[in-house]
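Only one chain is included here, represented as structure tokens and corresponding to the form predicted on its own.
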């Protein structure tokens, strides 16, 4: 989730060690800073050093030069490569990118060259089914939809003299709606649900909605910052227990079974999906 500074070195070491212990995959933050300054690479490389056999994901912007993107993978001996999509954040930054022409072509070239699976990752603004279909068509079959509801990067940039009005702080597709939009395509896409998932029960709901994998960043970062490694270890144990409790209470032995349980969608999510022409009742009649 981070890298490039001394504190990130400590965080990435601790979280990677816990990843190895609990068999949880780890995705680092954007490695662009280390690609530009090799002296900062250690804060990323430590993830693989302390977790030799675990699942490790590299991370660069989707508009990164393809050859540079492959160097990010090599840097940490990654098993997969995340390409983060953060157009709203860039537009909010005074120094951010303003040109995105050819982005899909660049992603397609990275997919063509990459020796490891490529994951398209939104950073908190969600992903529509139209975007998901475009990415699928160019060979990206793992999507981290990073929905609205977690860390708000427009609000963060506004706090540091951003250039978008505060009204944009609510921009994006909520996590639940984003999961459902992608799942409704009925394509062989691995869906990673992230964006505001803070508990085992929320993880269970996302899995029941159709996600294959859960991603958590902000919650773990805050716990580690406040309580250190010991506190984060306790938080992972608590989240795991609550997820398993949710599965037991629904009679689900596996995640696959949980995804087949009837799920009633109501409120704003139901209204959103109905407006998008997605049949809400199909989840309740499984």
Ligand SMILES: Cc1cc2nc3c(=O)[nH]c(=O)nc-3n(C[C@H](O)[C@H](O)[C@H](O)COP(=O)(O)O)c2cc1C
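Everything quoted here is computed from the prediction, not taken from an experiment. Residue numbers count along the first chain shown, from 1.
This next part talks about the form predicted in complex with this ligand, which is not shown.
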Residues 181, 258 and 283 all lining this ligand in the predicted complex, heavy atom within 4.5 Å: no
4.5 angstroms heavy atom contact with this ligand in the predicted complex for residue 162: no
Residue-level contact is defined here as any heavy atom of the residue lying within 4.5 Å of this ligand in the predicted complex; does residue 136 satisfy this criterion? no
Does any part of residue 150 reach within 4.5 Å of this ligand in the predicted complex? Heavy atoms only, please. yes
Report whether the minimum heavy atom distance between residue 43 and this ligand in the predicted complex is within 4.5 Å. no
Only one of 75, 123, 207, 107 has a non-hydrogen atom within 4.5 angstroms of this ligand in the predicted complex; which is it? 123
Residue (of 245, 50, 55, 221) lying close to this ligand in the predicted complex, criterion heavy atoms within 4.5 Å: 221
Go through 246-254, 65-73, 27-35, 231-239 and give me the stretch that gets within 4.5 Å of this ligand in the predicted complex, heavy atoms only. 27-35
Heavy atom within 4.5 Å of this ligand in the predicted complex: which residues of 72-100 meet that condition, in order? 84
